[in-house]
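As structure tokens, one chain now follows by itself in the form predicted on its own.
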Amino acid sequence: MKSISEKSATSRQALALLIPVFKRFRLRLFLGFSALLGVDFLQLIVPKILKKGIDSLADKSANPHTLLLLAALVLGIAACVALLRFVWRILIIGFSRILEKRLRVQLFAHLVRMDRSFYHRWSAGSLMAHAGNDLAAVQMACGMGMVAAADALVMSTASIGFMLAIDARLTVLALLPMPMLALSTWILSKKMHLHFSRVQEQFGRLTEFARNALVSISLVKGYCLEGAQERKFSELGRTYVRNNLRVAILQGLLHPMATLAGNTGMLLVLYFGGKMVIEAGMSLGSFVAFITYLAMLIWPMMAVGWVANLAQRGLTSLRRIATLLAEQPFLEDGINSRIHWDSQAPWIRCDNLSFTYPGSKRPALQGINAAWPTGIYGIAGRSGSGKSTLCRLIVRLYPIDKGMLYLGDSDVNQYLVATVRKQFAYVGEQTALFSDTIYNNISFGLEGSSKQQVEAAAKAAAIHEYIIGLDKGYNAKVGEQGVKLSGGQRQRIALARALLSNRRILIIDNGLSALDVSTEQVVFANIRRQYRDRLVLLVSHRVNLLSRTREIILLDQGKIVAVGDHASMYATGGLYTTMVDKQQDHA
């Protein structure tokens, strides 16, 4: 299927991600915003109380009892406001965290479902930026952003209404700076969207560079490139800071402009309202109430810039997440969830199999015809001849045309991708280990496996004796990508994981290349015993391994150039004979 990674998701597509979550928690949101409105309503009562108290003092009708009653009323309102604020924070801010968690789970589920071609286009740093900064921005927009927007709308509308009720002319004067604030906010928000996108993209580059440097730290130190790496990282950091400063400048403009607009209105009210009080055109209590409502209006005016910032950040990040989630795997599922294994037919058959990597003009494989029933089979060839590509196609890491690859008695395209992959255990030359214990790395091959099963797999991979010799045994940590282990130890742990999975077909793609000869012999004997009635495809350059296989196919430039057992292929001369002679000369 086609990817749309070149095309950003629209705002409508992005917001569609949120609709199901908002519907699911609509009662929670209703109660949360009801509590928020309750807070606003109670706050709007306070100026009325102040007006009554000040007017009673001005006309000398006040007494200690009425003033105490008014004070108690203000304290009661404050207590209710505190309680309702706690409620809306729990409900609305809690909702934003739930939303963030659901988006994170959805994003992770999508990432683990994507195929290899997806990871050719997206770097790990970029994906981490989506799972970190972008989700945080969405959470803020759907938490404090929504609260501030709703609060600002209610408070500004209500404050203006009460101000109009007190004096319409004074209200018009107070609101004179508002149009300029609205226009500047609209202009600056559009620019903020562009600059914040650049910030997030640069953060992805920074994260990816740091990840690569740490994963390859031995290589960096081996070539004494610490200084060069520091300089590159520093330059990326400077670019990130520059982009952030551009966003900060825009944010810095919004807040002072809102403050200026509010304070300008306040200045006009103090001057003209003060004259009205002096000339007895307005009572002192009404003037204080008007000033209080205007002060309440300043917060929404200041919040406009903050809300606009949060909204732009949140929408930009949500669109980035939606673009990522819109990616679809190139591999398409078939309809069959069960494979029929015909005992008379080859377990794997290639029928004129050809393949070219996306973006490449040169075919990686051309016209491969091969059939493998039960037994151990070898695949050999020079580096870059297509051996690993063939293995990756067999385990369905890339899409292929119909009629080229058969599993059991049917085309692999007829099956669900997961159904095909569950038939294979795969061990590659570059082992993938988690920064976890040895036990967890091996048991990953079979969910719910017992300690006895894990140890049996380790024994079959000839790694058990080494493990029990460690201080923590199977609970020893292997470090990032198995950095604490040698190449052969990493390969044997990966092999133990594959053997534990006990799949129908085992593919070893140079996965024994780092083993010494004696260990290799032990491991091969154990594989032969466990897989005597199943299928093993062994990719290797080592003649002593290939010579024990039932049949060997020799690849060169993506084509099969020879097929046969070790003896017949050596006798015919050519590339295989050259490979054997060179290894014997170096023995």
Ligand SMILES: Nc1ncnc2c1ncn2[C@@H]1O[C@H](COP(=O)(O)OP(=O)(O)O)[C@@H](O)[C@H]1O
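Predicted, not measured: the structure shown is a model, and the values here were computed from it. For every residue, the number given is its place in the sequence shown, counted from 1.
Below: the form predicted in complex with this ligand, not depicted.
Against this ligand in the model of the complex, the set 357, 382 and 385 is in full contact: each member has a heavy atom within 4.5 Å. The candidate stretches are 392-400, 228-236, 367-375, 438-446, and the one lying within 4.5 Å of this ligand in the model of the complex by heavy atoms is 392-400. In terms of contact with this ligand in the model of the complex, the residue from 421, 221, 477, 120 that brings a heavy atom within 4.5 Å is 120. In the model of the complex, this ligand sits within 4.5 Å of a heavy atom belonging to residue 362.
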